[in-house]
Structure formats: structure tokens, C-alpha cells
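The form predicted on its own is given below as one chain in C-alpha cells.
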């Protein structure tokens, strides 16, 4: 049986690497990428700055792995929703629910994405961010357009405005959501969907 490579903490390297990425994500989300130094991440992780280079060759590499891991998981979930070929309303509900699950799993990464992606998309290493944004828009707009065409949503719906409203309503939750709170991601998604799709006023 092969012996796992371990760090000075005694933990297998992959596990320690994941812990360090989670710490870096929290620091990036709190302080901003440009303002964060490798030493600051190391201090938060309780190690020497030089020890961080045992796992990562640069601060940029950490950011890349944080964002790409989040987006890979997001698209795995979205692709599963689309593969199910649900009706438009059910597709929208599933996309919203999957989005809240990703906020729960990767809250710090979502906050970083929202704060930094505009500045990162022009860099070759982060070119995948722009493609992800385009794909995201196609998926959500396509779902709304299909719903309006099939009578699931109002025919007079401005789908682009609706897309922006739903997108911003969902993803801004990363600014206040904390994993382990009073409501599960699924419950929050259900409440949001109820307000988006059915409104908040009492029906006569």
C-alpha cells in the first residue's frame, strides 16, 4: 500500500492543500485579491510564508484553483439540470436551487468571483471566466425565453431584465449567507422561488 505524502502537520498533502485553499479564499473574499499577500494567507493558516510555496507556486495559482474548482462544480450541477430536460419552470427552479447549493459550498469563492472577475477576465490565465459568463447567460436566458414561448412565463416578460433580476437576486446572497445557518440552501431557494414566481402579495 503506497504511503501518503504528508506535511509537517502530519496531514496528507491533498487534505492540507484543501485547507490552505479554503483559508486563502476567506482572506481573498475579506480583503480583496490585490490587497492580500502570501504572508497574510500564511498567517491565517498558521504557517510560515515559505511553507505555503510547498503547495502553491504563487498567489495567482491559489486564486485560479479556487475559482476553477467553484465553476467546475457549478457547471457539473447545471449540466445535470439541463440534461434532465425539465419543463421551463422546473428548469428555472432547479437552476436556482443548484446556485444556492454552490453558494453554500463555495461562499468565499462566489464573493471573490463577484468582486474580481471583471478585472481578471482580460488575463490569459483567467480566460475561462469570460466563457463561463457567456455560457451562464445563454443557459438562463434560454430557459426564460423557452418559458415565455411555451406559456410557462408571461408572454410580455422582458426576458433580459428578468434574467438580470433573478441572477442578481440569487447571487447577491453570497454577501450575507453563512453555511450552517437557520435555513438550508434548498429552503432558501424555495422561499426565493416563491417570491420570484408567485410574488409576495396576498392573492384576492
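Residue numbers count along the first chain shown, from 1. No experiment lies behind these values; they were computed from the predicted model shown.
The same protein has a further form, the form predicted together with a further copy of the same chain, not shown here; the description that follows concerns it.
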(request) May I ask you to check whether residue 149 falls inside a 4.5 Å heavy atom distance of a further copy of the same chain in the predicted complex? (result) no
(request) May I ask you to state whether residue 162 is within 4.5 Å of a further copy of the same chain in the predicted complex, using heavy atom distances? (result) yes
(message) Test of understanding: in the predicted complex, would residue 167 fall inside 4.5 Å of a further copy of the same chain by heavy atoms?
(response) yes
(message) Can you tell me whether residue 153 touches a further copy of the same chain? I mean in the predicted complex, with a 4.5 angstroms heavy atom cut-off.
(response) yes
(request) Report the residue, out of 60, 137, 43, 158, that has at least one non-hydrogen atom within 4.5 angstroms of a further copy of the same chain in the predicted complex. (result) 158
(message) Is it the case in the predicted complex that 31, 115 and 175 each bring at least one heavy atom within 4.5 Å of a further copy of the same chain?
(response) yes
(request) Select from 61-96 the residues with a non-hydrogen atom within 4.5 Å of a further copy of the same chain in the predicted complex and write them out in sequence order. (result) 89, 92
